[in-house]
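This document opens with one chain alone, in structure tokens, the form predicted alone.
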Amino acid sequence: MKVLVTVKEIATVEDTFEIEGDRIPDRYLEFDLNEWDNYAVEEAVQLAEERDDVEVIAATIGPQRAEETIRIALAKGVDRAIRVWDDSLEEIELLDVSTKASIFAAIVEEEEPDIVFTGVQADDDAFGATGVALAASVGFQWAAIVNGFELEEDASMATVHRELEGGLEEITEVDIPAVFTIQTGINEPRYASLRGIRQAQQKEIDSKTLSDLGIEGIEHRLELTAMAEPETESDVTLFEGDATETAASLVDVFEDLGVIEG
């Protein structure tokens, strides 16, 4: 059987940065594997370790730089990877859900996986909808916010635990093929070993354009018009000095606020 994991390279911003126009320059950014996708990768690799017939493929949408990130997944046990990029995607600052879903749907059509794992959401855009949109595009069953997964021996069905609002949990059965969006905490993602990192350098990353996937054009629906630092609603007071001095300063603040009487 074949398991496809969708992964994303996300950018984290340094504590001190500048905004230039509608973007933060790369010099203030560090790139890494999306946290939710890390758990999805681990779930796929664990499944491959439990069964002898599983091939795990990672797929990402991103420029050449993203190959370093997807090699993290390869180092953790993914068998091979697919990276999709195109000149038409180069100038798009924020990919919308339908565009991402249509690209991943083309990969699903080509690879014909039995199971697709995605992260619940991405650290940067936090849409939380790509996995479900992908399932709708390819006609797969789906389960979202999965924090427990067990595949039947004949691989025809999976029993999943889903995290619901209010601290509730749902246990349901989902027919395969299906898409599962994976929640953090479902497992303990492994670190990439030195051996795994070395092996990842030899594993295949298949670079594809949109035309390679049979996509002749995309209808992009989002436009990033501006970017600004969020405004704070309150000031922060930093007390300096030893414990006695800072405690006295804190008492003064509480007295001024009327919390305690002087």
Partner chain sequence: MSDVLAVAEARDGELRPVSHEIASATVELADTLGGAAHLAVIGPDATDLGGELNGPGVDTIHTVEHEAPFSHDAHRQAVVQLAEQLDPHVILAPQSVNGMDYAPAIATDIDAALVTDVIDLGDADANGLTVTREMYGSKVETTVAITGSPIVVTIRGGEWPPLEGTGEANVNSANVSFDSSTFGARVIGFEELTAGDVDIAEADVLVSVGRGIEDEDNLEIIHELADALGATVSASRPIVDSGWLPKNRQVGQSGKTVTPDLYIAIGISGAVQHVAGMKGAKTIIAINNDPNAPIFDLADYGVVDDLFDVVPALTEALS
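Heads up, when I say rigid core I mean the largest set of C-alphas that superpose within 1.5 Å between the two forms. The shown structure was predicted, so the numbers you read here are calculated from the model rather than taken from an experiment. Numbering follows the first chain given and starts at 1.
Below: the form predicted together with its partner chain, not depicted.
- Contact annotation: residue 68 falls outside 4.5 Å of its partner chain in the predicted complex, judged by heavy atom distances.
- None of the heavy atoms of residue 148 is located within 4.5 Å of its partner chain in the predicted complex.
- Using a 4.5 Å cutoff between non-hydrogen atoms, residue 198 does not count as a contact of its partner chain in the predicted complex.
- Using a 4.5 angstroms threshold between heavy atoms, residue 94 counts as touching its partner chain in the predicted complex.
- Screening 110 to 118, 69 to 77, 83 to 91, 124 to 132 for residues having heavy atoms within 4.5 Å of its partner chain in the predicted complex returns a single hit, 124 to 132.
- With contact defined as any non-hydrogen atom lying within 4.5 angstroms of its partner chain in the predicted complex, the contacting residues in 9 to 23 are 11, 13, 14, 15, 16, 17, 19, given in sequence order.
- With the core held fixed, the Cα of residue 202 is displaced between this form and the one not shown by less than 2 Å.
- Shown in the overlay between this form and the one not shown, fitted on the rigid core, is a CA shift at residue 234 of 2 Å or greater.
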